[in-house]
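Below sits a lone chain in C-alpha coordinates, taken as the form predicted on its own.
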Amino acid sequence: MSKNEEKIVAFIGPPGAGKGTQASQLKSKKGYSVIIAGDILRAEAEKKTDFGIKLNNTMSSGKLVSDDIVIEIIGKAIDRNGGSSSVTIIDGFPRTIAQAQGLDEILSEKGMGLNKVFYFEVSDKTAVERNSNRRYCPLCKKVYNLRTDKPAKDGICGVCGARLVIREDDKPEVIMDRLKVYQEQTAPLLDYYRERGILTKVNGEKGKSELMKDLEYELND
(Lines give C-alpha, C1' and ligand atoms only; values in the text may rest on other atoms or scores of the structure.)
Protein backbone atom coordinates (compact mmCIF):
# COMPACT_ATOMS: atom_id res chain seq x y z
CA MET A 1 0.00 0.00 0.00
CA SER A 2 1.37 3.43 -0.90
CA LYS A 3 1.44 6.12 1.73
CA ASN A 4 -0.89 8.26 -0.39
CA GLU A 5 -3.60 5.60 -0.01
CA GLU A 6 -3.26 5.45 3.75
CA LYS A 7 -5.87 7.30 5.81
CA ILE A 8 -4.44 9.13 8.83
CA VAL A 9 -6.81 10.02 11.67
CA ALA A 10 -6.28 11.45 15.13
CA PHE A 11 -8.18 10.79 18.36
CA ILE A 12 -8.19 13.79 20.72
CA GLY A 13 -10.08 14.56 23.91
CA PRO A 14 -9.60 14.76 27.68
CA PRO A 15 -8.01 11.91 29.65
CA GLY A 16 -10.54 9.15 30.29
CA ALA A 17 -12.61 9.92 27.18
CA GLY A 18 -12.17 6.39 25.78
CA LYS A 19 -9.68 7.17 23.01
CA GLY A 20 -7.25 4.38 23.86
CA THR A 21 -9.96 1.78 24.36
CA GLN A 22 -11.52 2.48 20.98
CA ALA A 23 -8.18 2.66 19.19
CA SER A 24 -7.18 -0.74 20.59
CA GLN A 25 -10.53 -2.29 19.63
CA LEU A 26 -10.28 -0.94 16.10
CA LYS A 27 -6.78 -2.36 15.83
CA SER A 28 -8.02 -5.81 16.88
CA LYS A 29 -11.22 -5.77 14.85
CA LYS A 30 -10.20 -3.94 11.68
CA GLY A 31 -6.43 -4.38 11.61
CA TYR A 32 -5.79 -0.65 11.73
CA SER A 33 -2.39 0.62 12.83
CA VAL A 34 -2.38 2.52 16.10
CA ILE A 35 0.19 4.99 17.42
CA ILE A 36 -0.52 5.65 21.10
CA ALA A 37 1.33 8.78 22.17
CA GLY A 38 1.01 8.08 25.90
CA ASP A 39 2.40 4.54 25.59
CA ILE A 40 5.38 5.73 23.54
CA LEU A 41 6.19 8.45 26.08
CA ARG A 42 5.78 6.05 29.03
CA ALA A 43 8.12 3.57 27.34
CA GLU A 44 10.73 6.31 27.07
CA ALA A 45 10.16 7.29 30.71
CA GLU A 46 10.72 3.71 31.88
CA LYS A 47 14.24 3.58 30.42
CA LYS A 48 15.53 5.44 33.50
CA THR A 49 17.93 7.58 31.47
CA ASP A 50 18.31 11.26 32.40
CA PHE A 51 15.82 12.03 29.66
CA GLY A 52 13.47 9.28 30.84
CA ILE A 53 13.52 10.45 34.46
CA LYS A 54 12.76 14.02 33.39
CA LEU A 55 9.98 12.76 31.16
CA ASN A 56 8.51 10.65 33.96
CA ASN A 57 8.51 13.58 36.40
CA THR A 58 6.69 15.77 33.88
CA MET A 59 4.03 13.18 33.08
CA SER A 60 3.48 12.15 36.72
CA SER A 61 2.68 15.76 37.62
CA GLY A 62 -0.03 15.95 34.95
CA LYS A 63 1.87 18.45 32.81
CA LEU A 64 2.37 18.19 29.05
CA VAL A 65 5.71 17.10 27.64
CA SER A 66 7.34 19.85 25.56
CA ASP A 67 6.07 20.16 22.00
CA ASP A 68 9.45 19.62 20.34
CA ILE A 69 10.05 16.33 22.13
CA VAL A 70 6.61 14.90 21.41
CA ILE A 71 6.66 15.97 17.76
CA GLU A 72 10.03 14.26 17.26
CA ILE A 73 8.92 11.04 18.98
CA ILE A 74 5.63 10.81 17.08
CA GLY A 75 7.37 11.63 13.82
CA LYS A 76 9.67 8.63 14.29
CA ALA A 77 6.67 6.42 15.11
CA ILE A 78 4.93 7.50 11.90
CA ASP A 79 8.10 6.65 9.94
CA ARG A 80 8.19 3.15 11.45
CA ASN A 81 4.49 2.65 10.89
CA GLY A 82 3.86 4.13 7.46
CA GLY A 83 1.91 2.13 4.88
CA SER A 84 1.28 -0.86 7.12
CA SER A 85 -2.53 -0.61 6.99
CA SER A 86 -5.37 1.27 5.31
CA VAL A 87 -5.93 3.43 8.40
CA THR A 88 -3.47 4.70 11.00
CA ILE A 89 -4.90 6.10 14.22
CA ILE A 90 -2.82 8.54 16.23
CA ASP A 91 -4.18 8.39 19.78
CA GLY A 92 -3.60 11.28 22.18
CA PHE A 93 -1.73 13.51 19.75
CA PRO A 94 -1.66 16.36 18.98
CA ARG A 95 -2.42 18.14 22.24
CA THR A 96 -1.47 21.71 21.37
CA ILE A 97 -1.65 23.95 18.31
CA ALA A 98 2.14 23.74 17.98
CA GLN A 99 1.94 19.94 17.94
CA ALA A 100 -0.83 20.08 15.33
CA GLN A 101 1.33 22.28 13.12
CA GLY A 102 4.27 19.93 13.65
CA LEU A 103 2.14 16.96 12.62
CA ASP A 104 1.03 18.83 9.49
CA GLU A 105 4.68 19.36 8.55
CA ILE A 106 5.62 15.73 9.20
CA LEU A 107 2.79 14.42 7.04
CA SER A 108 3.30 17.03 4.32
CA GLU A 109 6.93 15.96 3.92
CA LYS A 110 5.66 12.44 3.21
CA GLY A 111 3.07 13.61 0.70
CA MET A 112 0.30 12.84 3.19
CA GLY A 113 -2.24 14.72 5.26
CA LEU A 114 -4.53 14.29 8.24
CA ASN A 115 -7.88 12.99 6.98
CA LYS A 116 -10.04 13.21 10.11
CA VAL A 117 -9.82 14.24 13.73
CA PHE A 118 -12.22 12.62 16.19
CA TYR A 119 -12.95 14.62 19.32
CA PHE A 120 -14.12 12.40 22.20
CA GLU A 121 -16.37 14.52 24.40
CA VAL A 122 -16.98 13.55 28.04
CA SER A 123 -17.73 15.43 31.26
CA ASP A 124 -15.04 16.11 33.87
CA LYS A 125 -16.95 13.82 36.25
CA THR A 126 -16.76 10.91 33.80
CA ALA A 127 -13.08 11.55 33.08
CA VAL A 128 -12.14 11.53 36.78
CA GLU A 129 -14.22 8.41 37.46
CA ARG A 130 -12.75 6.44 34.58
CA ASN A 131 -9.15 7.38 35.28
CA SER A 132 -9.32 6.80 39.03
CA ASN A 133 -10.73 3.30 38.42
CA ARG A 134 -8.03 2.40 35.93
CA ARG A 135 -5.36 -0.12 36.93
CA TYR A 136 -2.22 -0.90 34.99
CA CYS A 137 0.04 -3.94 34.74
CA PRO A 138 3.67 -2.79 34.93
CA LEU A 139 4.89 -5.98 33.20
CA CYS A 140 2.63 -6.79 30.24
CA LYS A 141 1.11 -3.26 30.09
CA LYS A 142 -2.52 -4.44 30.08
CA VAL A 143 -4.98 -1.86 31.37
CA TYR A 144 -8.04 -2.73 33.49
CA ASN A 145 -10.95 -0.73 34.83
CA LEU A 146 -12.36 -1.64 38.24
CA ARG A 147 -15.90 -0.86 37.08
CA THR A 148 -16.08 -2.09 33.49
CA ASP A 149 -13.15 -4.49 32.98
CA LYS A 150 -12.10 -5.94 36.32
CA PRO A 151 -9.39 -8.61 36.59
CA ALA A 152 -10.64 -12.07 37.58
CA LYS A 153 -8.48 -11.92 40.71
CA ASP A 154 -8.58 -8.67 42.63
CA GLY A 155 -5.43 -6.61 42.07
CA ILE A 156 -3.74 -9.25 39.90
CA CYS A 157 -3.20 -9.15 36.13
CA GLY A 158 -5.03 -11.98 34.42
CA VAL A 159 -2.42 -12.14 31.65
CA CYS A 160 0.90 -12.36 33.48
CA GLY A 161 0.02 -12.55 37.19
CA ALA A 162 1.74 -9.30 38.17
CA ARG A 163 0.26 -7.01 40.81
CA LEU A 164 -1.67 -4.13 39.28
CA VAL A 165 -0.83 -0.52 40.07
CA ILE A 166 -2.46 2.88 39.66
CA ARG A 167 -0.35 5.22 37.59
CA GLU A 168 0.62 8.52 39.16
CA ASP A 169 -1.17 10.41 36.39
CA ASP A 170 -4.40 8.49 37.11
CA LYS A 171 -4.70 9.66 40.72
CA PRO A 172 -7.71 12.00 41.24
CA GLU A 173 -5.66 15.06 42.22
CA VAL A 174 -3.42 14.66 39.17
CA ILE A 175 -6.39 14.01 36.89
CA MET A 176 -7.91 17.37 37.86
CA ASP A 177 -4.62 19.06 36.96
CA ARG A 178 -4.55 17.17 33.66
CA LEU A 179 -8.08 18.32 32.86
CA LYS A 180 -7.13 21.91 33.61
CA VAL A 181 -4.10 21.66 31.33
CA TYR A 182 -6.29 20.06 28.68
CA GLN A 183 -8.81 22.89 28.73
CA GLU A 184 -6.06 25.49 28.54
CA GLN A 185 -3.87 23.94 25.85
CA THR A 186 -5.77 21.23 23.99
CA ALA A 187 -9.31 22.58 23.67
CA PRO A 188 -8.19 25.28 21.15
CA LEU A 189 -7.42 22.43 18.75
CA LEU A 190 -11.15 22.05 18.19
CA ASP A 191 -11.37 25.38 16.37
CA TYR A 192 -8.13 24.64 14.51
CA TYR A 193 -9.52 21.43 13.03
CA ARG A 194 -13.11 22.64 12.73
CA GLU A 195 -11.94 25.46 10.45
CA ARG A 196 -10.24 22.86 8.24
CA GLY A 197 -13.43 20.82 8.05
CA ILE A 198 -11.93 17.59 9.39
CA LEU A 199 -13.26 17.60 12.97
CA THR A 200 -15.84 14.99 13.97
CA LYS A 201 -17.28 15.07 17.49
CA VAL A 202 -18.19 11.73 19.10
CA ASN A 203 -20.00 11.11 22.37
CA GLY A 204 -17.45 9.53 24.73
CA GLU A 205 -20.20 8.92 27.30
CA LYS A 206 -21.64 6.12 25.15
CA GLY A 207 -20.98 2.45 25.79
CA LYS A 208 -18.01 0.82 24.08
CA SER A 209 -19.95 -1.09 21.42
CA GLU A 210 -22.22 1.84 20.55
CA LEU A 211 -19.27 4.22 20.23
CA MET A 212 -17.42 1.64 18.13
CA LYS A 213 -20.32 1.60 15.63
CA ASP A 214 -20.15 5.39 15.33
CA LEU A 215 -16.42 5.31 14.64
CA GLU A 216 -16.66 2.47 12.13
CA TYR A 217 -19.35 4.37 10.24
CA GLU A 218 -17.23 7.53 10.10
CA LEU A 219 -14.03 5.69 9.11
CA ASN A 220 -15.76 3.83 6.30
CA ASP A 221 -17.35 7.02 5.02
Ligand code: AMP
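Because the structure is predicted, anything quoted here is derived from the model rather than measured. Just count from 1 along the sequence shown to find any residue number.
What follows is about the form predicted together with the ligand, which we do not show.
Heavy atoms of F93 reach within 4.5 Å of the ligand in the predicted bound form, making it an interface residue. Among heavy atoms of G158, none comes within 4.5 Å of the ligand in the predicted bound form. Heavy atoms of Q99 reach within 4.5 Å of the ligand in the predicted bound form, making it an interface residue. Using a 4.5 Å cutoff between non-hydrogen atoms, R167 counts as a contact of the ligand in the predicted bound form. Taking a 4.5 Å heavy atom cutoff to the ligand in the predicted bound form, the contact residue among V34, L179, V65, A45 is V65. The candidate site formed by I78, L103 and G113 is entirely out of contact with the ligand in the predicted bound form, as no residue has a non-hydrogen atom within 4.5 angstroms of it. Just one listed stretch, out of 56-64, 23-31, 190-198, 149-157, contacts the ligand in the predicted bound form at the 4.5 Å heavy atom level, and that stretch is 56-64.
With contact defined as any non-hydrogen atom lying within 4.5 angstroms of the ligand in the predicted bound form, the contacting residues in 22-41 are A37, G38, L41, given in sequence order.
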